[in-house]
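Provided below as structure tokens are two forms of one protein chain, presented individually as structure 1 and structure 2.
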Structure 1
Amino acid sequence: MSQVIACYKWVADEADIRINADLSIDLSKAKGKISDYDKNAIEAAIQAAAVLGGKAVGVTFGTSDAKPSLKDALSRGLDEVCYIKAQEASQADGAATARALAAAIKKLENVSLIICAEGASDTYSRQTAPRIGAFLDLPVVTSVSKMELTGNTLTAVRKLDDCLQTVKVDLPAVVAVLPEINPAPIPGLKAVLAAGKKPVHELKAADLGVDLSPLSTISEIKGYIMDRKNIIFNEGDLAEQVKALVAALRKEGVL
């Protein structure tokens, strides 16, 4: 049976993050959650598996703190989850994370498609999908806002800075999807209860047979203070003021 892989990450809920007066970051009260963008990737994998007549499998790399993610991911419609439990995940960068995920995916059979979010909601480094593709020697399509599966061919629409690009690729392949690929439904009570009966496969770092050492390390994390420009548009009539405001927003990249 064909398998569609959804890679996801357990991250700190940004709503619970506090920035101290010295700009240091306080994560002591931050609860965990599946990265918001990964929720869209999970739903995309479920839909793709339905088209291919296969099953959707979640793969995640994390410490013991990530265990609550398993039931949440399964409640969203995945058929099973592969959990790479390793303390190394606490210091992992994009290279180590992709190496761990690729090693776990290699152990799975009949993988037709690997779906990641374009980036995780904590770092948004956009490295995971391309690196997985490199480790597995598979074609990679990034910035995907729409995709369609026909037989063994994936047609994807890529959202670039100033245009849309349509590409076709033969499966198996790795795809990085944008949030607009599809909505991420909130699981109902029935789905949450059913999640506890679905299979979970746990792997240890030693089971992977790869080096999980990061290529980069974080020396310090600080918050930041944004200085507002406080521009006042008070010249001309109302229509001219609105026009000036819109022009300023376009210049800043907001519109």
Structure 2
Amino acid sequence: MSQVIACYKWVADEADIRINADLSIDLSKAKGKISDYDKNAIEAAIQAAAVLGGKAVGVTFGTSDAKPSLKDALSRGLDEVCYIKAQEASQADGAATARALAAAIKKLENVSLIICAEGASDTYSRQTAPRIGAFLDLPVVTSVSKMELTGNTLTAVRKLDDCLQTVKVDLPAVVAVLPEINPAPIPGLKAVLAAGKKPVHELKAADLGVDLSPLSTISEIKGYIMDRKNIIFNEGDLAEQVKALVAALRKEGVL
């Protein structure tokens, strides 16, 4: 049976990141989540697997923190998840990530399509899909806003800066989808319950036989703080607040 792969990443929710006064960052309060757009990638894989009559399989490369992602991903409708559990994931750059994912995917049989999202919400590097394609020497289609499968052929619409391209490629292939490819549905009760019974394959770094160390060295990480006036007009009723705002803008000379 053919397998459609959805690569998804468990990331810290950027909305919970705290920036200390010295601009160091504090991730301790940040909850984990499946990277926003990866939910669309998962849905795209499920739809593609349905067309191809195959299985939709999630692949994730993460530390032990990524465990809660399994149930979440499976409840979104994936049939199985392959979890590359490795501490190296916390330091991984684009190269190490693609090496890990490609090595894991290589172990799977009959892979016809590998779907990544446009970019992960932490790195937003938009590297992974093309890199996996290069590693596995498979054709790659990025910036996909629409895709259609007929037989063994994928027709995709790519949304670029200046044009929409329609391209065709025979499977197997690697695809990076834009979030507008589908509205990722919120899983229902039965889907959540079913998730508990689906298989998870765990792989360790040693099982992959590739080097997972990053190629770039991080020399500094610091938070960004916006320094703004933060004045909220809350005296009196709305009309007075609007008046105060207009007065302030006039005074600033921006009107």
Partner chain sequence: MSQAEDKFDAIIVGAGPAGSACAYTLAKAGKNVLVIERGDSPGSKNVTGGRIYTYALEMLEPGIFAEAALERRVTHEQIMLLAGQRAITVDFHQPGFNAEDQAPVSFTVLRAVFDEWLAGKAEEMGAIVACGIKVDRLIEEEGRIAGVVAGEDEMYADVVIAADGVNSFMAQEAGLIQDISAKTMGVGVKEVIELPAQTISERFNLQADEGAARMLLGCTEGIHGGGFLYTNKQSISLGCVFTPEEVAQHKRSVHEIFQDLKMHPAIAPLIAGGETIEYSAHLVSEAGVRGIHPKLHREGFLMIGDAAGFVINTGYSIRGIDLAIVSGIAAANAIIAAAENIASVGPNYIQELNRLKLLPAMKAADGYFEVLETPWIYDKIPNLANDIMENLFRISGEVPLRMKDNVLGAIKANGLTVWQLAKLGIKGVRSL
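All of these numbers come straight from a predicted model, not from anything done at the bench. Numbers given to residues start at 1 and step along the sequence of structure 1. We call the rigid core whatever largest set of C-alpha positions still superposes within 1.5 Å between the two forms.
In this comparison, the chain shown as structure 1 is the form predicted on its own.
Core-superposed comparison between structure 1 and structure 2: the C-alpha position of I218 differs by no less than 2 Å. Superposing the rigid core and comparing between structure 1 and structure 2 gives a CA shift of 2.8 Å at N20.
A C-alpha shift of 18.6 Å is found for V242 between structure 1 and structure 2, based on superposition of the rigid core.
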